[in-house]
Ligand SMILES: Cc1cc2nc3c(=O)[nH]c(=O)nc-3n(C[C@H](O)[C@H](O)[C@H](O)COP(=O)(O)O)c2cc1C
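Below, in structure tokens: the form predicted alone, a single chain.
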């Protein structure tokens, strides 16, 4: 990277209700890789924020802004300013954990901007490059379709955020706290994924 160039901003969203959950550990490793590639990184732990689910009030249909005055307003700003986004969320009951799904649902403002107001969500002139993102998840189950619903939702969410979806890193039969640390190959894979994300 040339000295005059600004580093890409890589935002990692830790969605697990556990403060030291497996997906958070993977996210930390991915951000470590992104930093090695020169990115400016931030880990945003949803458990530290207070926000409600979407109340379907359609307030965002007027100006593309959510009218609910809670901590989602802070999260929105970070999402809009990031060049790279990593969503790290465990599977609960065959889908995204509630914390992650609430953030996705509150993204209705982005849907309204695109489809009701017919405006771009992102001012591309304000960014270094096209936005890109990945999804990290763990599931205790080994069912063949355990990640299918969550992946579909994250793909949709990235599309609303005008983020190119580069792929998923999914780890089965990872349940109890710290289990992912017994999978060094997973930690190495996700470190490289973070590095690659920041480099593209």
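Computed from a prediction, not measured in an experiment: that's the story for all the values here. Positions refer to the first chain, counted from 1.
There is another form of this protein, the form predicted together with this ligand, and it is not shown here; the text below is about that form.
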>> Since only the chain is shown here, I'm wondering whether residue 139 would be in contact with this ligand in the predicted complex (any heavy atom pair within 4.5 Å).
In response: yes
> Any chance residue 93 has a heavy atom within 4.5 Å of this ligand in the predicted complex?
Replying inline: yes
>> Can you tell me whether residue 183 touches this ligand? I mean in the predicted complex, with a 4.5 angstroms heavy atom cut-off.
In response: no
> According to a 4.5 angstroms non-hydrogen atom cut-off, is residue 175 in contact with this ligand in the predicted complex?
Replying inline: yes
>> By the heavy atom within 4.5 Å rule, which residue out of 146, 160, 45, 170 makes contact with this ligand in the predicted complex?
In response: 146
> If contact means any heavy atom within 4.5 Å, which of 22 to 30, 150 to 158, 63 to 71, 47 to 55 contacts this ligand in the predicted complex?
Replying inline: 22 to 30
